[in-house]
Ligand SMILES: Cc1cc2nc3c(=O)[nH]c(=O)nc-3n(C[C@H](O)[C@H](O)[C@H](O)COP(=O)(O)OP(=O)(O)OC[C@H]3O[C@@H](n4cnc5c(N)ncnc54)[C@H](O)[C@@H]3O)c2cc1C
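One chain comes next, on its own, written out as structure tokens in the form predicted alone.
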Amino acid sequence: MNDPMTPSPFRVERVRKELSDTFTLDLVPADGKRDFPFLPGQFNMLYAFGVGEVPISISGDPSKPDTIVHTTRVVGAVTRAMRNLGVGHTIGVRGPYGTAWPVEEMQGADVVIVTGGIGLAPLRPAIYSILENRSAFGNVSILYGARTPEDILYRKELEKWRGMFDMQVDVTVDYATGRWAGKVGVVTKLIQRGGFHPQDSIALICGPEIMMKFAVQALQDRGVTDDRIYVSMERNMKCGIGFCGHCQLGGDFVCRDGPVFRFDTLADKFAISEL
């Protein structure tokens, strides 16, 4: 039996610069066995040899498990080392870990996806899964907020999704720069005027915790109940298997019991600012 704390070697197949501080790595197993199934919302522990390990959500297409895709922002020594990797370099991978977005349970319902900044990356696999079986879902709305137009992640994909006749994609920025002629304001404003039916909707939220807090409140104000709201709580994860205790959230471990939580199971903890 393999040690769950021992990473497997993966080879970098492709590197893409997304934003000034954000990049995407396409990874394939070094042993040539191109089959790495995962569920939308799960994460891997990525190990930069000689530097350290970080949890990163999988941001690729679940229907294409031959390549594992990770989009991340440079926020420390490990991600800085990862940014310097090139095609053919090796990185360690453990996973996949964690709970998933409830894609199958959402079938027949309207879907509201609320996200900000790099929070779109953990939600992209869920969007891919919905698009693959689009007729199984009701109305689909993607509400995305970025700090500036230059910080919009996956811009070309957002434009492609916006062009589809059966999806609503709404983008806003906190600060307009350059020739931006779109919406300006926080993403919660999109929720307040969003064209979805609250009683028929299931909401998925991922982004900075302060954004998620106000997004939940805006959805509640619209009439979406807590048992139909899901949030991803990626914070303080170190081991990925609930062993080290760094990610404890009340009685839960984010890496083991999350990162995706149904909000009614988390509401009491979510309201405690220092927890």
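In this text, residue numbers run from 1 along the sequence as written. Since we're looking at a predicted model, the values are computed, not measured.
Missing here is the form predicted in complex with this ligand; even so, the following discussion is about that form.
Options 188 to 196, 142 to 150, 105 to 113, 78 to 86; stretch whose heavy atom lies within 4.5 Å of this ligand in the model of the complex: Within 4.5 Å of the partner lies stretch 78 to 86.
Which pick from Leu27, Val224, Met211, Ile56 sits with a heavy atom within 4.5 Å of this ligand in the model of the complex? Going through each option in turn, the one that passes is Ile56.
Wondering, does Ile118 line up within 4.5 Å of this ligand in the model of the complex on heavy atoms? So Ile118 counts as contacting this ligand.
Applying a 4.5 Å heavy atom distance criterion, does Met237 contact this ligand in the model of the complex? Result yes; Met237 sits at the interface with this ligand in the model of the complex.
If you check in the model of the complex, is Thr72 within 4.5 Å of this ligand, heavy atoms only? Thr72: contacts this ligand in the model of the complex.
From first to last in sequence, which residues of 32 to 47 have any non-hydrogen atom within 4.5 angstroms of this ligand in the model of the complex? Residue within 4.5 Å: Phe43 only.
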